[in-house]
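In structure tokens, the next block holds one chain alone, the form predicted on its own.
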Amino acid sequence: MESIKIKKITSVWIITVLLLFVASIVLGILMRLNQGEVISQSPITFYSNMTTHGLTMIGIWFVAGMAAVNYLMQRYVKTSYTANVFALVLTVVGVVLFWASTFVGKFHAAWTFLYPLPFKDMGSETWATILFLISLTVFGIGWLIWSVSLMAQILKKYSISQSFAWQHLTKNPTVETPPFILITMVTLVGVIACLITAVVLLVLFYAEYFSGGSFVNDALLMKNLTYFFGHTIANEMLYLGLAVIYELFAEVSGRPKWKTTWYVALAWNLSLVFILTAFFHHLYMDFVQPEGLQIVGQLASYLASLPAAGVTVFSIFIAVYRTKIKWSLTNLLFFMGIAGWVIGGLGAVIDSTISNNIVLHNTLWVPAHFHTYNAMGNVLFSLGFFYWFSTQFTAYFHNKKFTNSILALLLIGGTGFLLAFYVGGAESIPRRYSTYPAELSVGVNLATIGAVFATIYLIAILMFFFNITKRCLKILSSTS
């Protein structure tokens, strides 16, 4: 009975994520068309769409990774179905409240909602700010309970040292910690830390909102809290996808299951430290920030990309180099996603270098690198899982034409869409502009090109959506 329930709720998660993904892509295309002067949106509409697009994308790919990890964790420990359902319900409620705040209330302070922007009277309804904060609270409660539940289940079977695979740092460990458990545990620590930070941040927002002006927050503290939450959760969702790859890549490729070695254990434990301190690179321009924290941010930004990426790329390379494996849409999406993650990571490292950051950070280079490791990285991780999951319980016939079409459209659409951002960044086109002045006419042309290629990417996602949704609906209607 439990297996039927987990299959069905995972199917609901997949359909929900894909529906919201399609809607969010459309919003992104509309934004680029507006920047390309193909359509005309008011600034409030543009920034409301930007806010909706950004936070929805971060949220859906976080829960997509969580749903995949929750499903695969059943192989090792029993997870809480109640916590899963609770998170799903609160995610849906949160989306409704959040979209009401942006589409109806015209809240448009961006997904980063940097203080004090949410409190500024910029044309939104007076109730939109508090509804936005309530929506974040709803998200946070559901996701925090779900994350704590998953960690608690791991710790019922594995001790703290075993869950972090510390015994693998010595020779001949007596207990084997699967890579999936190690990576999930490392990721959940980061997720829980950033969600607790979000709680503190929201309490401070509420305190000022309801104080009637008698309480005013410190802007630098609020920015640190915001970026610790936002940057961390955006990166931890990538690690959820990597946990899935460590669990499934060898399996779907017909290769021996990956094991935890000393260098895998060391790499992921180091990643836990680096990813929690890399967010300081968002505050380089805040000159009142203590200089030591800026140095930490510089070092962590470099080091965060080395252990996990190095070990993962090495593992993937060894798995496919001069080896006959069974290629399918699942492991091809994983493989392409790893490439996108690495390329986007390199773009992030370039930007996080202080001397480069001065030039690049408020340009289109920033959406270039994070769209790379999301749209062509983490998204492909989750799509690979979705496809694998949907073929486990429904009649499946390998369709080479469908596979080739999906991959070609994703590669062509994604590459063209991203290049428009990278070239814009290299040309110093600013990010977040709803329209470009005459002096930045190259930005107009690049935006139009980006919208065209994003539409090609959307076609691939729609093909994927109809294929996977059809299978998931069959799972929902089945009795076994």
Partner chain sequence: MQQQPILVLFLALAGAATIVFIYVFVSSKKAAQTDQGMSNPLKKRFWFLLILFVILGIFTSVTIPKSPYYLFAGETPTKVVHVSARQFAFILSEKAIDPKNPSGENIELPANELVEFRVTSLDVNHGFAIYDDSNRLITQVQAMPGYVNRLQYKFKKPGKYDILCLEYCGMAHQVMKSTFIVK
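Residue numbers count along the first chain shown, from 1. Since the model is a prediction, treat every value here as computed from it, not as a measurement.
One more form of this protein should be noted, the form predicted together with the partner chain, which is absent from this view; the next part is about it.
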Looking at heavy atoms inside 4.5 Å, which stretch does the partner chain contact in the model of the complex, given the options 375 to 383, 236 to 244, 307 to 315, 91 to 99? 307 to 315
Would you check, heavy atoms only and a 4.5 Å threshold, whether residue 256 touches the partner chain in the model of the complex? no
Answer yes if any heavy atom of residue 416 is within 4.5 Å of a heavy atom of the partner chain in the model of the complex; otherwise answer no. no
Taking the shortest heavy atom distance, is residue 37 within 4.5 Å of the partner chain in the model of the complex? no
Hey, in the model of the complex, does residue 452 get a heavy atom within 4.5 angstroms of the partner chain? no
Out of 85, 409, 342, 130, which one falls within 4.5 Å of the partner chain in the model of the complex, going by heavy atoms? 342
Only one of 220, 134, 270, 104 has a non-hydrogen atom within 4.5 angstroms of the partner chain in the model of the complex; which is it? 220
Checked 241 to 256 against the partner chain in the model of the complex; residues with a heavy atom within 4.5 Å, sequence order, are none
